[in-house]
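Given as structure tokens, the chain that follows is alone and in the form predicted alone.
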């Protein structure tokens, strides 16, 4: 039998592990595309629901198709009572990603995908209900209220902010959430997406695939960079203070989250988009500290290390300006990326072969078992 080829490179970076028609990442001449559309073009001209439709169905919707899809998603926001009961039992100090992981798994026991003909129905339900899950738990455990999750907001982003704050968001906040969800919707074979595809390759159900993806995103080397960025920049009172503190971190070789990327080499195309919206939000709230601090961090990291901001860094300040608690930053990622995850599950199922790579063994050579009474 031929010897298995050992793939080089830590974490399989740069290795092709399959095919997809959903997105390109870091491709020359097109930094990030969904189904052939540049993410900047989509963020400038589309709503998130249009992009979700594109990712799922392959083409942008007509006005009638978009209206029908929005209406459908709007009918799927309510939480079943058994799921509410579970969410109310999760402690207030739980990691919000654990809440979504648990909520997704519980929903799978209540609304089990019986066969693959239901996959789009399950995907739509998850897209509509994940914001309801996280906001219901957060408002119950932190504010002591049981919120109504079936709002009449037209967009998922506005729906999330409405539930979180107990009031409809203004136009700017709804728009920024819309853009944010577009930017995070899909990103090829990242760790969480690959987790979902591996799970799908066993012909497991959609809820299991998405639950596994949430578990992968929970890790700080994948999701959570925007939370870490916020924790870093929030205490700094000026851009000068930020520069000195950042230089100290670099001198101590501390890991600084929100910079660099496994695939992009010179810039993350999502960064310039969310940076512009963060500046708009800073002007709205009269901020003269956090946005300048963020800009100085970007300048210092490029000057000192030639490291650029990825999508997560300016998301931190943008979310903060909209009054979103830092622990909920990564769950917003889930609310968006469930589109890409579910579409990858469907793509894997459509042309499936179980994903089962080989490993390079580094342990002992073959040896004999010494009887128990002869061991020293």
Ligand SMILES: CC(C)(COP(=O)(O)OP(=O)(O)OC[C@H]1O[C@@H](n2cnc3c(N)ncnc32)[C@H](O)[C@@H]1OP(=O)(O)O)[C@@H](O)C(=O)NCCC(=O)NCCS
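All of these numbers come straight from a predicted model, not from anything done at the bench. Positions refer to the first chain, counted from 1.
Form predicted in complex with this ligand: not shown, discussed below.
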query	finding
Contact of residue 258 with this ligand in the predicted complex (heavy atom, 4.5 Å)	yes
This ligand contact at residue 222 in the predicted complex, heavy atom, 4.5 Å	yes
Exercise: residue 301 in contact with this ligand in the predicted complex, heavy atom 4.5 Å	yes
Residue 348, heavy atom within 4.5 angstroms of this ligand in the predicted complex	no
Proximity to this ligand in the predicted complex (heavy atom, within 4.5 Å), stretch among 321 to 329, 38 to 46, 52 to 60, 305 to 313	305 to 313
Heavy atom within 4.5 Å of this ligand in the predicted complex - residue from 89, 265, 167, 252	265
